[in-house]
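Just the one chain here, the form predicted on its own, laid out as structure tokens.
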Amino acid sequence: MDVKLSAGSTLFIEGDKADHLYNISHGCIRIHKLLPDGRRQVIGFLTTGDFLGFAVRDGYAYSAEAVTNTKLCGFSRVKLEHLLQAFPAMEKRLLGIAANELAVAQDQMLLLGRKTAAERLASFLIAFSDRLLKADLPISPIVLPMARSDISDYLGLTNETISRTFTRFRKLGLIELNNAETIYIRDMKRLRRVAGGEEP
């Protein structure tokens, strides 16, 4: 099943019946949860090649919205379960993807719980750069399709703090801001040290 979403469109809402698993063939998806007081916590950004929609219960554990125009391939959960019984190697692959999702969630808890604003933003930029590296693409520039408010809600910071930290990184020669979306990494070694807790 092919799914096309325009930027800002919703794929599913937290609690919806989890009857499909999706693979992103093009674009970017934002996944988030709503806190009891109505605030939004962005828990991840998924791009080309990523899977989403894994669920251990009947309902999705988060909401998913398109950041950009996005194309996905949807798989019926019931049909997929039958397919996995016939092809154990595929089940192992999907279990690996689910385990990676858990590792990412654990990293996010560390990011929000212990790191400073500079460490959080540096970690965020490095994570996007590492995705490019795994795809055999140049690690710079990084194109961030999401809004600053999305990044703020992901890192648990205010928009003002995000802007100040970007400016600080630029002045220190860590990055170059070509525009709101395109960021050139100028000193990856120092950026990694900042992500690890070293003062920029």
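Keep in mind that this is a model prediction, so the values were computed, not measured. Residues carry their position along the shown sequence, with the first being 1.
Not pictured, yet referred to below: the form predicted in complex with the DNA.
Peer 1: If contact means a heavy atom within 4.5 Å, which one of 41 to 49, 134 to 142, 60 to 68, 170 to 178 is the stretch that engages the DNA in the model of the complex?
Peer 2: Contact criterion met by 170 to 178 only.
Peer 1: May I ask you to check whether His32 falls inside a 4.5 Å heavy atom distance of the DNA in the model of the complex?
Peer 2: No, His32 sits far enough from the DNA in the model of the complex that none of its heavy atoms falls within 4.5 Å.
Peer 1: Answer yes if any heavy atom of Ala117 is within 4.5 Å of a heavy atom of the DNA in the model of the complex; otherwise answer no.
Peer 2: Flag for Ala117 set to yes.
Peer 1: Decide whether Ala55 counts as a contact residue for the DNA in the model of the complex under a heavy atom distance cut-off of 4.5 Å.
Peer 2: No, Ala55 stays farther than 4.5 Å from the DNA in the model of the complex.
Peer 1: Since the partner isn't included here, can you check whether the DNA sits close to all of Arg148, Leu157 and Glu160 in the model of the complex (heavy atom within 4.5 Å for each)?
Peer 2: Heavy-atom distance to the DNA in the model of the complex: all three under 4.5 Å.
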